[in-house]
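Below, in structure tokens: the form predicted alone, a single chain.
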């Protein structure tokens, strides 16, 4: 396991350049280039906020603020977008890069780390766009936003553990990627992002409580919308699950890595 981290350190410049190239490829042949990295999340947040707050006049139960529901929704989407991007990209990571794995000799663990780096940058830009739009709506940031640092680390650990494990299995059984794509869609609606858990019928309450993304999303919402610290006790089991998944994924990756190229 220690050798994996040593390999990442030796190839750190390769990882950084790969993240940079990944971002450049997204905006190739574009006149505005990297400016779209800021404009896209800014437009996304602005549209959500305008439609929900002004057009639909959506209100969050228990509050009188017009912007509360938009902030609640975007806080949940900030967490979910990071989770879903890392997980979904890791699902087909080794299959999509089969040619690269066969032609170049480099530590294969670099590939999921490149995905994480790219996803973190995208998430940071979305967060900055949120802060700007929310400030214009009269919602000032609080010091409790500092909780987003450990929450982001937890989200990355959980999504990387799950995505890497499913990505390795998908090399040997391609149905895994297809099934997980459907699971992620259902998972989104089992996570209290567009609704509050209190409005869910009693039969579904247990499913939401067992969803590991529920405490993470709610912690984001608490920090961003309410300016409160997350429920650390309630999140303890998610931290344990994320650590377990990450360790199991790394062990599975190390065991299957020599055979992956032959299967691809």
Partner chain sequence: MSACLLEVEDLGKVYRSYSAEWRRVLHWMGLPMASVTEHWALRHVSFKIERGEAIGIVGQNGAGKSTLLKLVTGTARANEGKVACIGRVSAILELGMGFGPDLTGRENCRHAAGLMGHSEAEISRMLPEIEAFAEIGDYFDQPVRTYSSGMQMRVAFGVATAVRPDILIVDEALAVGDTYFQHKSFDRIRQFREQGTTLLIVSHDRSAVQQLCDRAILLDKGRLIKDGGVEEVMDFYNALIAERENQTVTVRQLDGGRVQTISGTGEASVEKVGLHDARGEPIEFVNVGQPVELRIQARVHQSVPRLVLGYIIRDRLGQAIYGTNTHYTRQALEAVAAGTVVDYSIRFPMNIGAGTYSISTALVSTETHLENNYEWRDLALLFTVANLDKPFFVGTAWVAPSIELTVS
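Note that the structure is predicted; figures quoted are calculated from it, not measured. Residue numbers count along the first chain shown, from 1.
Beyond what is shown, the protein has a form predicted together with the partner chain; the following relates to that form.
The partner chain: the contacting residue among 101, 93, 151, 166 in the predicted bound form [heavy atom, 4.5 Å]: Looking at 101, 93, 151, 166 one by one, just 101 meets the 4.5 Å heavy-atom criterion.
Candidate stretches 134-142, 74-82, 183-191, 102-110 - the one whose heavy atoms come within 4.5 Å of the partner chain in the predicted bound form: It is the stretch 102-110.
In the predicted bound form, residue 243 touching the partner chain (heavy atom, 4.5 Å): No.
4.5 Å heavy atom contact, residue 252 and the partner chain in the predicted bound form: Residue 252: yes, in contact with the partner chain in the predicted bound form.
Contact label in the predicted bound form: residue 261 to the partner chain, heavy atom within 4.5 Å: Flag for residue 261 set to yes.
Any non-hydrogen atom of residue 247 within 4.5 angstroms of the partner chain in the predicted bound form: Answer no; every heavy atom of residue 247 is more than 4.5 Å from the partner chain in the predicted bound form.
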